[in-house]
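What follows are structure tokens for two forms of the same protein chain, given separately as structure 1 and structure 2.
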Structure 1
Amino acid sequence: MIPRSARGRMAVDRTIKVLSTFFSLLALVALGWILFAVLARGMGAINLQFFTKLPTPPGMAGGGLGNAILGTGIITAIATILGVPIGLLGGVYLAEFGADSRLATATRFTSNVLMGTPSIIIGVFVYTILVLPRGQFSGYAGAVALSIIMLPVIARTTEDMLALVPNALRESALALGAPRWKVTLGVVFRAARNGLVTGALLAVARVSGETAPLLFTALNSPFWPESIMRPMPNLTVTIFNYAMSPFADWKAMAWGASLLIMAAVLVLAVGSRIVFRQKST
């Protein structure tokens, strides 16, 4: 090993600190710029009608995106109901039962690949298996696509959170004669509950701004949601359609919807941080 002088090590250390500080500030400036632009352009569209009224034709005053807000909530809720339990069970298997088995290794590899898969590919996949056979777009298909995106996030977060639980807790409960499944649900889950909630919130934040999967599955609708088996309005596709239009009032609505989604994602992200901090303390 070639010896290095103390002066050289200090110079490298200062250089790394300066570069890391610079790029951190650059990221904060970019984020602040985005937040300011969306807030400045979107606040003008936020009013009571925005949350309660249907969209109006271009050029007509008034109207809102109440149907898209409701549709987004329905799709996200169904995706959460579908994705969270399966993701939790997958994480429990990886952390508590699978360990280093071949199936667990393959599951982790598949989960990592799925996390890196572009969301549009998942949208095309769900379009092929759910939309084409029925010949109709649906909110249910959109929820399935979003739940698939949520699965690897929840599974890996669950595995990491359960791995942080001390083995002494498991051994103590098993020594008292409790079956393994009761130990997992009653002891391990309770000890890791804050982290599990954090993983679910992060997964919801991950899918709340997805557009491509919904273009292939839920599509959109200018009416109030009537059935999850029919095309369902949603904010992300509405933003895409309105932002690409030549109408100024639609563009203003698109900025308002962008502000709403951004605020929801920030609330989820900050909430997950608070929950995780409470777990750490």
Structure 2
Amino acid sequence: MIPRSARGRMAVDRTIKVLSTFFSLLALVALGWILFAVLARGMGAINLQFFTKLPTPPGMAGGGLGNAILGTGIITAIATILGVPIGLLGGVYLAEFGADSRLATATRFTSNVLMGTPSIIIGVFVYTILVLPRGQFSGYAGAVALSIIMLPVIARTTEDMLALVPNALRESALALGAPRWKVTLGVVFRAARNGLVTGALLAVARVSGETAPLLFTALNSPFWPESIMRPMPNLTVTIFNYAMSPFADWKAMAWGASLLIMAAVLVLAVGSRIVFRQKST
């Protein structure tokens, strides 16, 4: 066997190193480009009125998206109230009781599939069960759609986080005579608190930027939200409608709303990382 020349091999090695460095920086460039574009184009729309006023017809100065900001807050809050407790309890079953039972295995598998189901399909599903029978779009249907997206995410992270809690902790608490539910909620939950908060924050971050599941559930509205049983204004669908409109001032508003959503999602995502890191120290 003739040994290949070292120079050729080194050259190939160096080329690959340069390529992989270049390509991994490409992702950073894309991120930077997106952040910069949203910041540069969105800043102009942000002022006090943006947070407090109703939208105006195209061409009319002033106005804001106060109603959509409030609506997005309401929808996300209701989704969190619905999704987090059910997800937590489902995760408790997977980690504490289910183990390898048939129900637990099926739930794990279904959660994975549900997590990968396109959010627009979840929107169609909620449309068929909540909007079609009543004949009316509603903020509450939007919240249910978002909570369905949160549910499997929270259940699986809860399971993972509870699995990290050492068994000795459970055994000791049980040995003291505490019932199982109290052990879980009082001891295991407390030990896994940071992880659980991280999971919930990540799930909220994920749904607060969602548009597709709201398109035909919450719809949108140019008025202040009055009832959760009626169409509810929200930022993401407003961005979609305004961006597709031919009016320059509406497009500017859409950029402002994009900046707001982007900032909220990034704060939640980075915040959850900080919470999680506290655990390890």
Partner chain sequence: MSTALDKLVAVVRGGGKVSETTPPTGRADVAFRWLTAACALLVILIMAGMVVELFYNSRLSLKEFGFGFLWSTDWNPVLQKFGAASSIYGTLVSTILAMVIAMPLGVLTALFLVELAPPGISKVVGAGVELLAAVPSIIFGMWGLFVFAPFMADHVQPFLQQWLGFLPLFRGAPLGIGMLPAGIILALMILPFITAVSRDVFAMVPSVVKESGYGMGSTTWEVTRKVTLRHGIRGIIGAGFLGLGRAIGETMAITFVIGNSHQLSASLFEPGNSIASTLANEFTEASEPMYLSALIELGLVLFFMTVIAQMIAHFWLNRVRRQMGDGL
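Residue 1 is the first residue of structure 1, and the numbers go on in sequence order from there. Keep in mind that what you see is a predicted model, and the values were worked out from it rather than measured. C-alpha atoms forming the largest set that superposes within 1.5 Å between two forms make up the rigid core.
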The form predicted in complex with its partner chain? Structure 2
Relative to the superposed rigid core, does Val265 relocate between structures 1 and 2 - that is, does its Cα move 2 Å or more? no
In Å, the rigid core superposition gives a C-alpha shift for Lys17 between structures 1 and 2 of 6.6
